[in-house]
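Form predicted on its own, single chain, as structure tokens, below.
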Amino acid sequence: MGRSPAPAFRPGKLIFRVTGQVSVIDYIIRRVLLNILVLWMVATLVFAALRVLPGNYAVAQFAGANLGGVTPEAIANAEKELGLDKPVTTQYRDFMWNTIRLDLGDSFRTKRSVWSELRDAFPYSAELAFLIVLVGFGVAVPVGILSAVNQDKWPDYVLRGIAIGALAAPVFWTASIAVSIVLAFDLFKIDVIGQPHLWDDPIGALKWYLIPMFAGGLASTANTMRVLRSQMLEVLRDDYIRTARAKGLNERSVVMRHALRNALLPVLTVMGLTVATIVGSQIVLEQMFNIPGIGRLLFTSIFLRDYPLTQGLVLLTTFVIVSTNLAVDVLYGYLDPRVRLA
């Protein structure tokens, strides 16, 4: 008997028919369970770290007050009111139970719920993150292509040198240099008081965000550009690229339509890792430019030992990072059906 014809290949569909491979649903379920474990570990670590640090909110609250009027009884009463007098095991049990119920508690400082604080701060962080990603990948892709196409020529050396310098430069240093240039030449006014949103005052918001988005995007540009350049060089040596050139296609079509499409796939992984970098850099940038986002709120909460706010913000930030990496992995398998998720 003759063999039945093999099923037709359909690009864009996830194929998991190899022995030992799991379906995409099983893969997502496993990753979600793993991410839950990661969130539990992060929650436990941040809970322990905050209580290992010397002092607490009750002590910090009286630090700037009249020291002569502060008594151990006053501090003890403040700790009792905040629930800090309970045993650590009881605090941990209550914290984990409330977290499971998505109750992140109330801020010690403002007495508002952590969700309310997040709702006010999130738009600023989202705007800045979007602009950083826009600058980072908007510059990295053409620069990476240009560097690969001109391998070992002067544009390649110049662009690689800039990328290495940008990767090595701390975000705060780049932002400080940019501020110095803007102020020295009086290029524009940096409004750190008005705090406009993009949808309310686009011009004013862009002037406010311009330096932090440039400083944050430069670091992500460097890393993505290096990865894209390496992948482009590898793809440009493949046989199908030689075939495309032999057919008479012009170099632009070969690079943009054939090489770039496959070279961009590994960049997705870099995009997932870049999210963590952006979150870290935003803490510094928001503090420098008085942006009332999640990064600045997290810095303030750690400084004041505001346990509920710090714990909630760290957990939410971790959730965003692990969810982004999961989405990138699934998207990678969708764009490249050859990938087998295990």
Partner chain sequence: MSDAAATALDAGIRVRPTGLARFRQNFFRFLVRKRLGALGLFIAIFFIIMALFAPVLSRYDTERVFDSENPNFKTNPSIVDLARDPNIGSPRIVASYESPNAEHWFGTDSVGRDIYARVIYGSQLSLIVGFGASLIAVFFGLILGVVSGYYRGWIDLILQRFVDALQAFPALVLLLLLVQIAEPSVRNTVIALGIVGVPVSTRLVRSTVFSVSSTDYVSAARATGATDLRIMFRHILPNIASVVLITFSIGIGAYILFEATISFLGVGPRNVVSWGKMVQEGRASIESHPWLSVFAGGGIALLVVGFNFLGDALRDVLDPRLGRG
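This one's a predicted model, so the numbers in the text were calculated from it and none came from an experiment. Positions refer to the first chain, counted from 1.
Beyond what is shown, the protein has a form predicted together with its partner chain; the following relates to that form.
If the cut-off is 4.5 angstroms on heavy atoms, which of these, G165, P202, P87, P155, is the one near its partner chain in the model of the complex?
The residue in contact is G165.
Of I291, V314, A58, L297, the one that lies within 4.5 Å of its partner chain in the model of the complex (heavy atoms)
For this set of options, the contacting one is V314.
Does any part of V279 reach within 4.5 Å of its partner chain in the model of the complex? Heavy atoms only, please.
V279: yes, in contact with its partner chain in the model of the complex.
Answer with yes or no whether K207 is in contact with its partner chain in the model of the complex, where contact means some heavy atom within 4.5 Å.
Although its partner chain is absent here, K207 would stay clear of it in the model of the complex, with no heavy atoms inside 4.5 Å.
So in the model of the complex, does V227 come within 4.5 Å of its partner chain, heavy atom to heavy atom?
Judged by the heavy-atom cut-off of 4.5 Å, V227 is in contact with its partner chain in the model of the complex.
Using heavy atoms and a 4.5 Å limit, would one call L82 a contact residue for its partner chain in the model of the complex?
Because no heavy atom of L82 falls inside 4.5 Å of its partner chain in the model of the complex, the answer is no.
Residues in 279-307 close to its partner chain in the model of the complex, defined by a heavy atom within 4.5 Å, in order:
Counting only heavy atoms within 4.5 Å of its partner chain in the model of the complex, the contacting residues of 279-307 are V279, G280, I283, V284, Q287, M288, L298, F299, I302, F303, R305.
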